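One chain comes next, on its own, written out as structure tokens in the form predicted on its own.
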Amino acid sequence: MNGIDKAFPGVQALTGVHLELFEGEVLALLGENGAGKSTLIKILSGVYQPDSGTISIQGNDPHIHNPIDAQAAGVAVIYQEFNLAPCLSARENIFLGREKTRSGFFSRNEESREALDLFSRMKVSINPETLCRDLTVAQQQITEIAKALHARGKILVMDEPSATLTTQEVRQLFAIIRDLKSQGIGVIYISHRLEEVFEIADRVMVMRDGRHIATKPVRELTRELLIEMMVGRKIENEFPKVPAAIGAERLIVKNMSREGAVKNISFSIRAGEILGIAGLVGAGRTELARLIFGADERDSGEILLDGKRVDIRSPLNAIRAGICLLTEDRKAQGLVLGLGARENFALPNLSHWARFMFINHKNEKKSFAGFVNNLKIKVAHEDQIVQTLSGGNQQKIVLAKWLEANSRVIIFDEPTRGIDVGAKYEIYQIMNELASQGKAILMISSELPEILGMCDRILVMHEGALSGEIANVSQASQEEILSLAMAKQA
């Protein structure tokens, strides 16, 4: 890709971007949210047309006007949100639009044999007739890769492929990627997890503000240099934890249970404390958060806030009591994607500006503008549709609405998933500020360096139960957390 320019109304998204990918290599494409990575990939995949610039694939200059043209040229993209039909089988998804037929009839046996062959090439065992909704996340991803291989993909773009995978599933994914490399397939790997970049990538391309900053071999880079290239400045401490004054117990959870998900969990969080919850995917961390917030019905359990028992049976009860939840999936559960930024901010707080059943929009806009300034939310205007914002700015919109609600307990479920290192740093600083104000923070994260870097105490879950507590975080290690996360409950 040479000299790629792309502008949207009021925004120059790409300026003279150059990308070069070789056969059989993994090129990590990195940059902060809003750097232009997604726009560049959408041009390569035919979703957008460039204003200027050229694309050449194996010496040919394909005219990519739409995704079908891109597929014909050998480009396949696996997005973070999979493009699979859940009610169809793995086989049907692989051959969707390219069905095998004989004399006008579908040849299911031939499709099944070819699907098994595709899975065999990746050294995995998946029943092709299993409905996609019944597959694990990792199996769905493998099905997406099989689709790309069936379409004779020469270039495979993977957007945040490890975001929802367990450590073991990530290892399996990397084994598949290495095998694809050996077949001459070029892989563009987009991720915010820098440790993965050093493990799987051959070269790294960094973008910032819609421009190509540099492309270098991985062996010439350090984590610190890579971060500096991405954000345009040095970040001395990736996890800027500032100790806050720890006060009295703010939130007490007693004997919280839900059949099949959470088993008799009790703990407390003090004012000014950041309590981390670690565990493998499926350990019950998110389920526990949803029970505290009233999003799911509990079988048993009691919640005390500042020493007083609160009856939380719904999210509305939790919001009124002063408990909020930044959900793991902000797009599906934390935001109304079709509404503007200010409208999303206002949704749980309309009573703040209501008078005689009318909303004082002047005060609403003033409140929102204050958070845009304080949280450094990058929006073109207050009515910008949140779906068009970067992941970091979407997360800040969610946080802003809960801060306006004056919540005393803030539950962060995977607060930095899918956001870049610069936005992560800003989220950490916001957490420090909230802790200094006496808020009680419950932080759920799959990133162990983040848990160790930002928390005062750590609870570890295994199969729905607490398997251990780490009080001296400064002396703890990732291995200690993983040991507890994999331990069987006595």
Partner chain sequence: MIQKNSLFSRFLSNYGMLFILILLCVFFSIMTLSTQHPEGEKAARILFSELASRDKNAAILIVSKSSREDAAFSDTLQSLLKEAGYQSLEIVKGDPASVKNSLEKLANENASIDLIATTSNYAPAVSRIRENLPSLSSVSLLTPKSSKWPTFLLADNLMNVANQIVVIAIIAVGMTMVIITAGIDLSVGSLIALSAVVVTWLVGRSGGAGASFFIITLCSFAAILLCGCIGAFSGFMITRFRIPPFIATLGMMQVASGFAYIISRGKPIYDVPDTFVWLGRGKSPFLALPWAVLLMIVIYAIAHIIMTRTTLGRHIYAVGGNPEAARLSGVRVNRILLFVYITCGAMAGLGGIVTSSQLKSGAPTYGLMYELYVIASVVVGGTSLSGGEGKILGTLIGAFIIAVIQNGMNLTNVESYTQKVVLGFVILGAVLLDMLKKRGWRRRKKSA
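On a predicted model such as this, the values are computed, not experimentally measured, just so you know. Basically, rigid core = biggest C-alpha set you can superpose within 1.5 Å across the two forms. Positions refer to the first chain, counted from 1.
The next section is about a form of this same protein that is not shown, the form predicted in complex with its partner chain.
Margin query: I'd like to know if Ala332 sits close to its partner chain in the predicted bound form, meaning any non-hydrogen atom pair within 4.5 angstroms.
Written below: Within the cut-off, so yes.
Next item on the list: Give a yes/no on whether Phe105 approaches its partner chain to within 4.5 Å in the predicted bound form, heavy atoms considered.
Entry: Phe105: no, not in contact with its partner chain in the predicted bound form.
Notebook entry, point to check: Heavy atom to heavy atom, is Thr388 within 4.5 Å of its partner chain in the predicted bound form?
Noted result: Thr388 belongs to the contact set for its partner chain.
Margin query: With a cut-off of 4.5 Å between heavy atoms, is Thr286 one of the residues that contacts its partner chain in the predicted bound form?
Written below: No - in the predicted bound form, heavy atoms of Thr286 and its partner chain never come within 4.5 Å of each other.
Next item on the list: Could you tell me which of 308 to 316, 118 to 126, 179 to 187, 409 to 417 sits within 4.5 Å of its partner chain in the predicted bound form, going by non-hydrogen atoms?
Entry: Selected range: 308 to 316.
Next item on the list: Could you tell me which one of Arg171, Arg98, His361, Arg133 places a heavy atom within 4.5 Å of its partner chain in the predicted bound form?
Entry: When its partner chain is considered in the predicted bound form, the option within 4.5 Å is His361.
Check: Pick from Arg250, His212, Arg290, Arg258: which has a non-hydrogen atom within 4.5 Å of its partner chain in the predicted bound form?
Finding: It is Arg290 that has a heavy atom within 4.5 Å of the partner.
Check: Which of the residues spanning 343 to 380 lie within 4.5 Å of its partner chain in the predicted bound form, based on heavy atoms?
Finding: The stretch 343 to 380, when checked against its partner chain in the predicted bound form, contributes Glu343, Ala346, Leu347, Pro348, Leu350, Ala354, Met357, Phe358, Ile359, His361, Glu364 at the 4.5 Å heavy-atom cut-off.
Next item on the list: Would you tell me if Asp299 moves between the shown form and the other one by 2 Å or more at its C-alpha, with the rigid core held superposed?
Entry: No, shifts by less than 2 Å.
Notebook entry, point to check: Is Leu347 among the residues whose Cα moves by 2 Å or more between the shown form and the other one after superposition of the rigid core?
Noted result: Yes, the C-alpha position differs by at least 2 Å between the shown form and the other one.
Notebook entry, point to check: Any CA movement of 2 Å or more for Val386 between the shown form and the other one, core superposed?
Noted result: Yes, shifts by 2 Å or more.
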